[in-house]
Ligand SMILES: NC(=O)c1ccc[n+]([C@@H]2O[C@H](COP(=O)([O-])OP(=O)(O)OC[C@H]3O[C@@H](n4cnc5c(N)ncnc54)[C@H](O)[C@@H]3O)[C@@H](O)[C@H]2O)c1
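As structure tokens, one chain now follows by itself in the form predicted alone.
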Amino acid sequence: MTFDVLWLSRADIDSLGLTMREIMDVVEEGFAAMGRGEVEMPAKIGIHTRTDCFNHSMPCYVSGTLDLAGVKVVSGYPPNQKKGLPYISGIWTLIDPETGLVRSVMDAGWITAWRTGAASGVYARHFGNPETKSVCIIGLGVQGHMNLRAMLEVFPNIEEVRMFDPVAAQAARFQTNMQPLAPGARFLDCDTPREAVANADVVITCTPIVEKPERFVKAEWLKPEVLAIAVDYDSAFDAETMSGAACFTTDSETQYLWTQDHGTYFQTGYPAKAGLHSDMGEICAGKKAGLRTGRRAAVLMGIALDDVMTGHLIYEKALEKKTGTWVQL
């Protein structure tokens, strides 16, 4: 017996005109469901065919009134950038929780890019200083773009964007792409990470995730009142940035601790369980409150819950706008 599945390409998803605010809102809704105990989400499992490369499978079920399920199969290959290929690629499947049938298959690169930036935005909603004026982005690829988009949603008074990327051409491209979203802001191309983070109210690292990190951003370079967000695991911020913070938060405590216990990440000084202030489930469900002073630090790993919430939003918008291609399985 065959059944219909909606295929959504990257171009299809782009055509829907979804905004960062819309995605932030559904990601926050998902975090709140996790905080209420309504999410089944095992830690990422994967294979690693080359050094610093991963292929992950990421399932998630959100119960309660949402009743959503899906699985992402995603790859991250840093060497692809020199080949003119995407660093992140994959597919995401929407699953009917009642029957287990696949309802939609869509590009996972788009989902991963936008939901990762959105998660940073939700964190900033709860921990950021509303008067934030200066944002530093280290790593000016896709995630650099998306994280700045999210910060512009949360902090409308941004006056300065400090940039660093080891690839010289990246800063000019980044400014060309992002200046229209922040026409009144100064974009500063910095020569070193230390120069880039100096006096920034928010510092976000968006570098490739690697097995043997150099952790080249030092806590002593940051000003005392700062929001430090890592979307690249432990690749860039030194351990003191996280362990010496006024509070340390992650998107999923369970997944962070599992990864620390079973993987190569978050070792040599990164906070253990006793050093965790909260995860985003506790924050968005109202079980704990975010701090807005001192050095507030977060590792946002990117979790399957964010994919489910974003993917379902895409599916609903695609049905509404009659976008995509129906295929039979």
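The first residue of the shown sequence is 1; numbering continues from there. A quick note: this is a predicted structure, and the numbers were derived from the prediction, not measured.
Keep in mind that the form predicted in complex with the ligand is missing from the display, and what follows is about it.
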{"item": "The ligand in the predicted bound form reached by all of G35, Q255 and L305, non-hydrogen atom within 4.5 Å", "value": "no"}
{"item": "Options 127-135, 194-202, 96-104, 160-168; stretch whose heavy atom lies within 4.5 Å of the ligand in the predicted bound form", "value": "160-168"}
{"item": "Partner contact for Q81 in the predicted bound form: the ligand, 4.5 angstroms, heavy atom", "value": "yes"}
{"item": "Touches the ligand in the predicted bound form: C60 (any heavy atom, 4.5 Å)", "value": "no"}
{"item": "4.5 Å heavy atom contact, Y87 and the ligand in the predicted bound form", "value": "yes"}
{"item": "The ligand contact in the predicted bound form: R149, any heavy atom under 4.5 Å", "value": "no"}
{"item": "Contact residue in the predicted bound form, chosen from V39, L300, A297, V26 - any heavy atom within 4.5 Å of the ligand", "value": "L300"}
{"item": "In the predicted bound form: members of 98-121 within 4.5 Å of the ligand, any heavy atom", "value": "T112, R115, T116"}
